[in-house]
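Quick setup: one chain, the form predicted alone, written in structure tokens, and binding and motion questions come after.
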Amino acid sequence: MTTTAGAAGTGLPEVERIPPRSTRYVRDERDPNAFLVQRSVFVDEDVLAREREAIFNRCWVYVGHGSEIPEPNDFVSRTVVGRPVLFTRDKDGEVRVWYNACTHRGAEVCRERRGNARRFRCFYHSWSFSTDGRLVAMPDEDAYPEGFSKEAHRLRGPARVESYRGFYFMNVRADAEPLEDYLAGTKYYLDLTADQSAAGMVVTPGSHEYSIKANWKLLVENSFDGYHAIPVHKTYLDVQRSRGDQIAGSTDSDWKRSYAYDLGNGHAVTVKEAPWGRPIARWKPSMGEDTREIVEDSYRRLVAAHGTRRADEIAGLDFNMHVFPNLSINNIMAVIIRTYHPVTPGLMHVNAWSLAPAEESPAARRVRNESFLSFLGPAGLATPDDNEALESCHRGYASDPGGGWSDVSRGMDLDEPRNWDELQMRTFWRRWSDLVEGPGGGNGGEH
């Protein structure tokens, strides 16, 4: 099995490749080597306001997957980083993203979660809009003054909407770089995910939506933090071991071919061969003997479509990937798409979806759902533990308001950091600092 490495694979550790910085919020130090993050970034209202402007109003932000709106006039309404939007496909099949606000007085033009409709009608004054954004009807139109233009009152939306392999993103800046350039090295792993299916990957029905009383950046860190897996998720690992899986309960023994890679533009990934089963094509005893043929048939389909080498990589490579700023795609015991949107410094809203091959049989989908829910579901054996850990961190910050530094130094002097090291988090924080504080930390030196 092969893997790709963004900025990794240079043969040099970070401390030799990346210059140090010392800013108000991030210290990337040498002699001795240390990487520290000021904890005020998790609790300060001014920091969140700066993030909204410098990050979320600048970067490409995930909106949804094309499979959620397969037919003309399908729509989904959701909130994306505080902005209510309509993710829809117009009558001609073109995907659109509109702000869910009437151009008359600003009320929502759609109050349904999802559906299929030729028009969005504002309940306040009954202005109606087509799925391609045109204002098509309004009561007492003749009462408006001469020169009134329906065209000037189209629904508004982000300046740019682009997609890659079915994943749709929006950007409020017209001059933003193309999405494919922005995604950089993440495209390799998005391809690995999309190539699980010849018929296309689809978001399965339903979603998980919940809140965590913690800062959104804590979930960024947690989403690809391999260091916490053994102590925090011991219950899950013990259950899998009791069902026959070969799990030693140590990182060195359980994670094979384990690495962490900088993928560019603040994106990062951790990869490994893990000891658990994967419904796409890696059967383990914990999945039950009755599922073995289903999983092995999935592997045979991958070989037929891609050849043995590529099939082995799709089936055997677990990865946890973060797409800057707030999207995680974890392709582990199942595939989860997860976004996290800040509400206040101490509260985030989380949305999560399961992604699966469109052609999966009902029996194979049952195997996938059981694998997904047992670990990744909000009532599974992992997600509640993670949420409690993040809330515990946030409560702990109250002990020294605005003070203290979090240590993110693990593995920074290694040629090839592992998935239980912290290169991936440092990648996020360096990009975060560049955007929030200025390239290289701006003037720096404020402590």
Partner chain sequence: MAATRAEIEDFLYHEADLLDEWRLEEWRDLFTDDGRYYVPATDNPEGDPDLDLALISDTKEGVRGRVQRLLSTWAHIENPRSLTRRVIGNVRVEPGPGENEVVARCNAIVYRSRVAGTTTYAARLTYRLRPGEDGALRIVLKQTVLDHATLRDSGGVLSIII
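The model shown is predicted, which means the values in this text are computed figures rather than measured ones. Numbering follows the first chain given and starts at 1.
Quick note: we don't show the form predicted in complex with the partner chain, though the next part is all about it.
- With the partner removed from view, the residue among 366, 256, 306, 150 that has a non-hydrogen atom within 4.5 Å of the partner chain in the predicted bound form turns out to be 366.
- When you look in the predicted bound form, the only residue of 135, 350, 295, 329 with a non-hydrogen atom within 4.5 Å of the partner chain is 350.
- By the criterion of a heavy atom within 4.5 Å, residue 238 is counted among the residues contacting the partner chain in the predicted bound form.
- Although the partner is absent here, residue 284 lies well away from the partner chain in the predicted bound form, with no heavy atom inside 4.5 Å.
- For residue 63, no non-hydrogen atom is located within 4.5 Å of the partner chain in the predicted bound form, even though that partner is not displayed.
- Proximity of residue 116 to the partner chain in the predicted bound form: non-hydrogen atoms within 4.5 Å are absent; the residue sits far from the partner.
- For the partner chain in the predicted bound form, the listed stretch (380-388, 22-30, 398-406, 417-425) containing residues with heavy atoms inside 4.5 Å is 380-388.
- Annotation for 206-244: interface residues with the partner chain in the predicted bound form are 206, 207, 208, 209, 210, 211, 231, 232, 234, 235, 238, 239, 242, 243 [heavy atom within 4.5 Å].
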